[in-house]
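Before any questions on how it binds or moves, here is one chain, the form predicted alone, in structure tokens.
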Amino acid sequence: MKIAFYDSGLGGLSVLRVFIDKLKQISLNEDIELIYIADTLRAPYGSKSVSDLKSYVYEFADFASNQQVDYFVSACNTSSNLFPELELGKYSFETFNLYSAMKNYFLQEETQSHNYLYLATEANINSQKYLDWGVNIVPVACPKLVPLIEASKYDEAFNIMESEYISENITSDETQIILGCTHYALLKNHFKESKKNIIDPAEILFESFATKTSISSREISNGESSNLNNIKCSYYSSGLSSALTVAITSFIVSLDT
């Protein structure tokens, strides 16, 4: 099985991590190759036009097709919103994206009565695609976060997220906070001391992937993570980025933890 992921930079590593952690817990009888594509040259995507974003996705799809992947995963919330409008039927791979996974998730009755704070990029918020989910959402654009996270300034990014984007907009302690950009999910560890309810769309995306590919029906490895011998990762970038290099290095080191 061969799966390609793309994002504007290092944020999509949070999606890749979820997939690896979940796949490690399943008894796999085949090799898994994961390909990660980071568009560091054109990051961030939050201020890009719709036409530009569409052209980027087609570029990644062409690259993934040349790699003969089975599945093409958008690990970018901003461009995932465009997938219903894209013509990807000519490719042999199956596609998965965060927008569709979240839309299906919110169709569940138990989500309807909750209040949500949706933290996302400006382009994501301006698209108003979150309105398709049919739940009570307070949208908040967070333009300061991605540049800081791309520069590995995680503490500063989290402090701004808390003080400017969460504290000023959260309606109650019961409000669930959706991390609507995969970069923001790299800050999840900072929430460990908090009692806030966090939703990481990457978790929902994997469940959608596992269900549609029948992976979820396979045997769990006694509740423990298996080794990584049959999971291989390759990394590609559109431009040099020291932050991405550091992030990927740290990411690889952390896989055994």
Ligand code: DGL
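We number the residues from 1 along the sequence you see. Owing to the predicted nature of the structure, the values given are computational and were not obtained by experimental measurement.
This next part talks about the form predicted together with the named molecule, which is not shown.
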Heavy atom within 4.5 Å of the named molecule in the model of the complex, from candidates M161, V146, I177, M102, belongs to V146
Should F206 be classed as touching the named molecule in the model of the complex when contacts are defined as heavy atoms within 4.5 Å? no
So in the model of the complex, is the named molecule close enough to T121 to count as touching (4.5 Å, heavy atoms)? yes
Give a yes/no on whether C76 approaches the named molecule to within 4.5 Å in the model of the complex, heavy atoms considered. yes
If we define contact as a non-hydrogen atom of the residue within 4.5 angstroms of the partner, is C181 a contact of the named molecule in the model of the complex? yes
Heavy atoms within 4.5 Å of the named molecule in the model of the complex: which of the stretches 207-215, 188-196, 56-64, 40-48 has them? 40-48
When the named molecule is considered in the model of the complex, the residues of 190-211 having a heavy atom within 4.5 Å of it are none
